[in-house]
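Below, in structure tokens: the form predicted on its own, a single chain.
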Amino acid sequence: MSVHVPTSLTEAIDLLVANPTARLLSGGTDTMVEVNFNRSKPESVIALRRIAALREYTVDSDRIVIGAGVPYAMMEKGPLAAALPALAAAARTVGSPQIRAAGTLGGNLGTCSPAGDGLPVLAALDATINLRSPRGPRAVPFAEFMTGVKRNSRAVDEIIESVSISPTTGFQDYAKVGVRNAMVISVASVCFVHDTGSSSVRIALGAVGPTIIRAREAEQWLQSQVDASQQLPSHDKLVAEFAQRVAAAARPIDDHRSTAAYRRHAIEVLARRLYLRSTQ
């Protein structure tokens, strides 16, 4: 296996053009699992960890840009956590401290597993994925980026450069259920965003469909019932109805981690909990 270690994005793109079947490696936390279980044997690897530009982020009043190589450990606290508390909450659920020091949002996007912890957050925040290739930059809304289980719209000569997110005003949080309390792949996950600035409520579901699911019907229903520019009410019937509508958007399956019925129930419970947290 040949390993290439570029130090600039331009060099990495040139290497990818010359080696179109090469595996792009960010933190390597997903790839090493596949290699260890003999599910994948890449013949060529382009390691992106030494590209400094990919490990930078900016937090401005009108836009937050997170480099694809920023590790989850940097999202748990500091300016990113203050600006994006839902992403910080998701980051804290990713594996062990060692995994969070290596794993990246770009790697999560490259793998595009429906159970990826960062992905429901990006969906709920209407994030834009920034790609770069020999043809120049390309921006793709998250809703168009993930196309299926471990499939995305990245072209073979493109590298995920960063993620752009517009700041929100109000509550945002993330929660998940797994087979144990830590170091676990999601059985079901939910990101809830109440943006008082845009008078909107957004909710995204992970691990309960082939892609991350936005519960848009539930969002629209809730916004027809409340004034989303204000703190949300905590009426029992309203919260219960909203949670049931969110769960109805899920498309879970039975697999070795859980049953479809349990996943749908978990989504309802998580949606209710996050909604109630937003009212406190």
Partner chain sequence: MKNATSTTNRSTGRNVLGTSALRPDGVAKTQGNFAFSSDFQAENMLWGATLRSPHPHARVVSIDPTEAWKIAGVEAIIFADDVPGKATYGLIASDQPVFARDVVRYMGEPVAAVAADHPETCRRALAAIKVVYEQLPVLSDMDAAIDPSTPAIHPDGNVIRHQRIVSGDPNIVGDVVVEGTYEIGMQDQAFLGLEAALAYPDPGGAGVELVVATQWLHEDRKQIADCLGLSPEKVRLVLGGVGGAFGAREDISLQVHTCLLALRTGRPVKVQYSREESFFGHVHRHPGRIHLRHHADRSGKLVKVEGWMKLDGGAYASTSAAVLINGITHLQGPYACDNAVLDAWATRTNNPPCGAMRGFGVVQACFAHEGQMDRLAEALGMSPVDIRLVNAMKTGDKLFTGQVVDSVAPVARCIRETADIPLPPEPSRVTGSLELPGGSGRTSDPGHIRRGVGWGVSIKNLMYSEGFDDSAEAKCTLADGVATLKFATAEVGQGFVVLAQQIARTVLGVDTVILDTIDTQIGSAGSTSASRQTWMSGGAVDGACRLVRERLFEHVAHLHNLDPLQLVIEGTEIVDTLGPLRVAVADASTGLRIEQTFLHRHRATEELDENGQGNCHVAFAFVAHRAVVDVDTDLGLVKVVQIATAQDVGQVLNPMALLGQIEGGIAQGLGLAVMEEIVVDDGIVRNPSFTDYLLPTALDAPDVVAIPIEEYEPLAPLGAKGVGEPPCISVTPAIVAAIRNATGRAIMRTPVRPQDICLAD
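Treat the numbers as computed from the prediction; the structure is a model and nothing was measured. Positions refer to the first chain, counted from 1.
Omitted from view is the form predicted in complex with the partner chain, to which the following refers.
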Which one of these stretches, 149-157, 184-192, 108-116, 132-140, sits within 4.5 Å of the partner chain in the predicted complex when only heavy atoms are counted?
184-192
Does the partner chain get within 4.5 angstroms of any non-hydrogen atom of Ala261 in the predicted complex?
yes
Any non-hydrogen atom of Arg216 within 4.5 angstroms of the partner chain in the predicted complex
no
Val179: heavy atom within 4.5 Å of the partner chain in the predicted complex?
yes
Please determine whether Val201 contacts the partner chain in the predicted complex, using a 4.5 Å cut-off between heavy atoms.
no
Is it true that Ala124, His235 and Arg245, all three, sit within 4.5 Å of the partner chain in the predicted complex, judged by heavy atoms?
no
Considering only 155-177, what residues come within 4.5 Å of the partner chain in the predicted complex, judged by heavy atoms?
Asp173, Tyr174, Ala175, Lys176, Val177
